[in-house]
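Shown below, as structure tokens, is a lone chain in the form predicted alone; questions about how it binds or moves come after it.
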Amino acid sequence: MKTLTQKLSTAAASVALTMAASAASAEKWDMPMAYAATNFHSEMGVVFADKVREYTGGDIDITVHPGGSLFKGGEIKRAVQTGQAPIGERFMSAHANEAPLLGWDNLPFIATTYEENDKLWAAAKDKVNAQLSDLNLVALYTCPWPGQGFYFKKEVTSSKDTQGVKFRSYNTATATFAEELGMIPVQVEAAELSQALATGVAEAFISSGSTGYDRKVWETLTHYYKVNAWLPRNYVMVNKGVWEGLSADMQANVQKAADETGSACAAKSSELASWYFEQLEANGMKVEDAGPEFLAELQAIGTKMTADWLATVGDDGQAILDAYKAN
């Protein structure tokens, strides 16, 4: 007859074996992300991974790889599409070359606040998700960056001051802005931005205060002009086949984690927006609103860019804007 100690020991061994078997059967997901580990998007990726682990009882174990350490930013979508990674994060408009509809969040001066951006996403969501499905992707959550403004190494009052400047672009919209302002667009990923600025490969760019802070651009640049041209969105995507291979319960648990993380990430973005400007100023940069002449030029370019986008995307694009304006 077993003693109580022996019974407890046997029970503990049984639990350990069960946990080991569960760990062995858990799905291991590598999640590449393009931005530094300290960026709020990457931090929220870790929050999401922790929630997924909790809500699925450890059946899905996500390891986050920030800073382009597993796949570079420009490689992440393809990696997820082809199953090299089951899940990843990228900013949506980076794929507008392949699918112009995905440039919905880069329409200048259409939605310049978090509230307006939320309304625009609500208007675009169904059509965007259909487009992503065609690309073998499923969006789990999205999260906006703070509003986009211009970084320069000199004072800029109009396009007279931007001629020939080498301008870091990250998608078609930013390249178009560069060209319209007489600048030379240069494709540079966020992880490579500091080196590009230090070596003169790029001399200016458009982004939020977050990128400037993360990359310590005050080491090479001097001016930031607040414009709030748009609030681009990152999105966490999963391979469509991987997603459809999950049970309904598992999908629900992962989506719960995604919904909670998306809301928390948007709140964090809004909370940090002004703080980033304070940090840029504290490190010697001049942060101010764009002057009237420069702003008027940017708005005129924005109107043309929206018209060009609508001409390319067609009825789906017009439907998104109509739904947005109706709300």
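Don't overthink the numbering: it's just position in the shown sequence, from 1. What you see is a predicted model; the values in this text were computed from it and never measured.
What comes next is about the form predicted together with a small molecule, which is not displayed.
Peer 1: From the list F150, Y170, F71, W121, which entry has a heavy atom within 4.5 Å of the small molecule in the predicted complex?
Peer 2: In short, Y170.
Peer 1: With the small molecule left out of view, which of F91, F177, Y225, Y141 would have a heavy atom within 4.5 Å of it in the predicted complex?
Peer 2: For this set of options, the contacting one is F91.
Peer 1: To test your reading of this chain, name the stretch in 237-245, 108-116, 206-214, 128-136 whose heavy atoms come within 4.5 Å of the small molecule in the predicted complex.
Peer 2: Every other range fails; the passing one is 206-214.
Peer 1: So, G103, A229 and W309: all three within 4.5 Å of the small molecule in the predicted complex by heavy atoms, or not?
Peer 2: Heavy-atom distance to the small molecule in the predicted complex: none of the three under 4.5 Å.
Peer 1: At the 4.5 Å heavy atom threshold, is A190 in contact with the small molecule in the predicted complex?
Peer 2: A190: contacts the small molecule in the predicted complex.
Peer 1: So in the predicted complex, does W29 come within 4.5 Å of the small molecule, heavy atom to heavy atom?
Peer 2: No.
Peer 1: In the predicted complex, is there a heavy atom of the small molecule that lies within 4.5 Å of any heavy atom of F294, even though the partner is absent here?
Peer 2: F294: no contact with the small molecule in the predicted complex.
Peer 1: So in the predicted complex, is the small molecule close enough to F277 to count as touching (4.5 Å, heavy atoms)?
Peer 2: Outside the cut-off, so no.
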